[in-house]
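Below sits a lone chain in structure tokens, taken as the form predicted alone.
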Amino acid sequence: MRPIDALVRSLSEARVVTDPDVIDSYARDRTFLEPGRPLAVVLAASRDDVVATLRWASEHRVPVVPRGAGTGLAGGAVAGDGAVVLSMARMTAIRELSPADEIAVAEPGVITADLDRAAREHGLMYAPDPSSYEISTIGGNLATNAGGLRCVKYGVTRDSVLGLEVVLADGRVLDTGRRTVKGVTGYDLTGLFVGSEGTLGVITAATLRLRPAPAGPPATFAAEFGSLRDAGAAVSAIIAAGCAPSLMELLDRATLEAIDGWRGIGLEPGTQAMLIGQSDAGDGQEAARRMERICADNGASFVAVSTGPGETEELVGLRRLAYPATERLGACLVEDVCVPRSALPAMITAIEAAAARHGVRICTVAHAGDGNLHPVFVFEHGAAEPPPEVWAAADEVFTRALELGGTLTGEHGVGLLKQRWLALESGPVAAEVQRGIKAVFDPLGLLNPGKAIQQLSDVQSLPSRDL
């Protein structure tokens, strides 16, 4: 009997997919990376399905690639040859929503925006809101420690996670964390799993912190600048002035052109950058006016404050169009560097210089209030991978981010795409410690192999700057 037959018998044919065409649709994420040929897909509908799958995989030494909605941009859910893809998309229950304790217990397949909507029925909100919040899942957000538009005020996903239910590689169930806001019993296992990209265990439920929803609609401003450096300086000035924005997003000229070519936003010839900011505080309108004045003082050619929810939705919607608009231009290498906020203008300048030096189109958007930039390197549709000049430009961008005291990834995760630069940031001691942690939780190396961490000896050589 084939090993897969034992899994089918344990879970039923409805849960285990072996049709090659269907498997292929589950083996990819939103990167250009080509997957291998997985053995099967498990459509988990409960924790018991996950337990049975991992027990089987451990017994038969089969790699398992956990998967959410497949919206990842770093190759974290790309499946390899002979693996079983473990899809969590059918685990969609909000097991509990407690207004009194301001918590929710959600399964990994819950859509991020759906949890926020459920919380708002009780006057609460789920703060993390990645740009893909209408299609990305809680499980995927947990796996990558996703950020989002509101993280300048409310933090990233980890800041809203109190506890987890995790199935370990051998099928044991581990409960981490707590239901309380405070708790320091033992090591922070919850924080360890958040951002681990499914390499340490499979999350089957999360206890999440909710927050009071703002009493009224947020006030939003949009400012246009003649240079990215001026826009970056305005961001620094807004933060230094203590305006406490709940959203601060930056779009460069190339991104605005992509959106204008798709939706016709009336982009002015001299506009090189747009800054979209928001305040959801009680005095939000006054805070937005204050940020408007700071933008004008820092060279904005045009600034406007929204007059109602409709205009606010339109402006924030413009930011959420950035990536799909850029995708229309070609295949995309979507990167995610983060630098100290004071270094934002220098990082923006470095991205522009790399684009010009290597003749590469780079469309940059940023969670500017966090110093988190997303340079998107655009290349020809249908190419197997980015051409040498794209890798060379990316190398410059990553190297400069580290020189400025930043990091290679703020919220997308390492996945497969960041492996070639990983050693530059982590160093040998950190790499050794992380490998040791991996060995404790997954001694057979079956969970999402090759993702998030890697043996230093396996890290690819950096692309040459002369390419």
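Just so it is clear, the structure is predicted and the values come from calculations on it, not from any experiment. One rule holds for the numbers: they count along the sequence shown, beginning at 1.
Below, we turn to the form predicted together with another copy of the chain, even though it does not appear here.
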Another copy of the chain contact in the model of the complex: Q278, any heavy atom under 4.5 Å: no
Partner proximity in the model of the complex: P217 to another copy of the chain, non-hydrogen atom cutoff 4.5 Å: no
Non-hydrogen atom contact E432 with another copy of the chain in the model of the complex at 4.5 angstroms: yes
T407, heavy atom within 4.5 angstroms of another copy of the chain in the model of the complex: yes
P212, C338 and D370 all contacting another copy of the chain in the model of the complex, non-hydrogen atom within 4.5 Å: yes
Residue among M125, V305, L192, L329 with a heavy atom within 4.5 Å of another copy of the chain in the model of the complex: L192
Contact residue in the model of the complex, chosen from G266, G186, G382, P269 - any heavy atom within 4.5 Å of another copy of the chain: G186
Option from 79 to 87, 309 to 317, 234 to 242, 391 to 399 whose residues, in the model of the complex, bring a heavy atom within 4.5 Å of another copy of the chain: 234 to 242
Contacts with another copy of the chain in the model of the complex, stretch 49 to 81 (heavy atom within 4.5 Å): none
